[in-house]
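First, one chain by itself: the form predicted alone, in structure tokens.
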Amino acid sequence: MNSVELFQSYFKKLPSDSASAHGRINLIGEHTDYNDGFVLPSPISQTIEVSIGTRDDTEIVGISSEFGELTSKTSSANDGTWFDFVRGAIYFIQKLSPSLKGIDIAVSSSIPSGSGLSSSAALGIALLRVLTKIQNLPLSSQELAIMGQQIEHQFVGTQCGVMDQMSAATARIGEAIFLDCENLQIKSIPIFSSHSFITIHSGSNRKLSEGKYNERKNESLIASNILKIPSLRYASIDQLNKIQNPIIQKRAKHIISENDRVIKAATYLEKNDAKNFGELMFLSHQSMKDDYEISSDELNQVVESAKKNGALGARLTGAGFGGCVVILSHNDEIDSMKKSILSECPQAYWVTTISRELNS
């Protein structure tokens, strides 16, 4: 049931308007966004869709296909539910258009939550898109992305970078965006012509707001302060010996090396060089496993199975601590690759495949 049908079924009327946003996989570049670095995400076909009707009071009445019914005031305190996103979106839109009051809202999703596929950013961007349409606010995609990031910071409690929101707001199916997270410059690059990215869920979910994500961000900030630089974007590998704390040194090593990998990977994608791109994916996962320590046994098992079965590359995608693995495979081997991995990792399941051929 899409959000319009859900809205009609629950509220017994048509919504004022609807909007959607895609989830994403990050091909390479993990935890670099909040360090003003480089990332290479690509949208998946799965979306979150939001339908809204305006109200004359300050109530929010909502129904979610995944999380059920809720009722709240727009001014109510954050409570850890999906309404935190709704209250945040209303807050920022009201600053530009005070005539907005309460809303009726229906949300439908085909993005698995807790998967590292950016369902939260998609929800934020979908909410902002529909509210700006209803209030006739001409905001750019970049403005929506920054506002979506602020919803996460101020209302959800996840101190995320801007990658997920920029992907949800700007990226096109069948392409990756090479994003500079300091100046938000974007370069769109088509996916490989003869290779695809398979996304497999490890079977282990995670929840970012429980603290590990913010802990890694703080460790990155400590490293930047030790090196007396604005962010780890400006650090180099030969500066690591200035960091005495072994944990902080490892965190910095991942960010520095990962930024270098993203820049190289974007070049390999442009050159249609899947082999070298895949090698960078394996190196990225090793760095996240050993230096940033955000992997899990389930994620490692899927990566090892992919490597054993001939994948060109594989790495966890998203913030880690569970979620999904993205795997680079030749188009002719997608089905056999999926079958082999899922037989060896019985807790895992296929989510989506990103391909220029499959999405054209």
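Nothing here was measured: the structure is a model prediction, and the numbers come from that model. Throughout, we count residues from 1 along the sequence that is shown.
Here the subject shifts to the form predicted together with ligand GLA, a form of this protein not shown in this document.
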item: Touches ligand GLA in the predicted bound form: residue 126 (any heavy atom, 4.5 Å); value: no
item: Exercise: residue 213 in contact with ligand GLA in the predicted bound form, heavy atom 4.5 Å; value: yes
item: Touches ligand GLA in the predicted bound form: residue 37 (any heavy atom, 4.5 Å); value: no
item: Ligand GLA contact in the predicted bound form: residue 278, any heavy atom under 4.5 Å; value: no
item: Answer range among 223 to 231, 132 to 140, 182 to 190, 160 to 168 for contact with ligand GLA, defined in the predicted bound form as heavy atoms within 4.5 Å; value: 160 to 168
item: Position in contact with ligand GLA when the complex is considered in the predicted bound form, options 43, 323, 313, 29, heavy atoms within 4.5 Å; value: 29
item: Complete contact of 24, 33 and 319 with ligand GLA in the predicted bound form (any heavy atom, 4.5 Å); value: yes
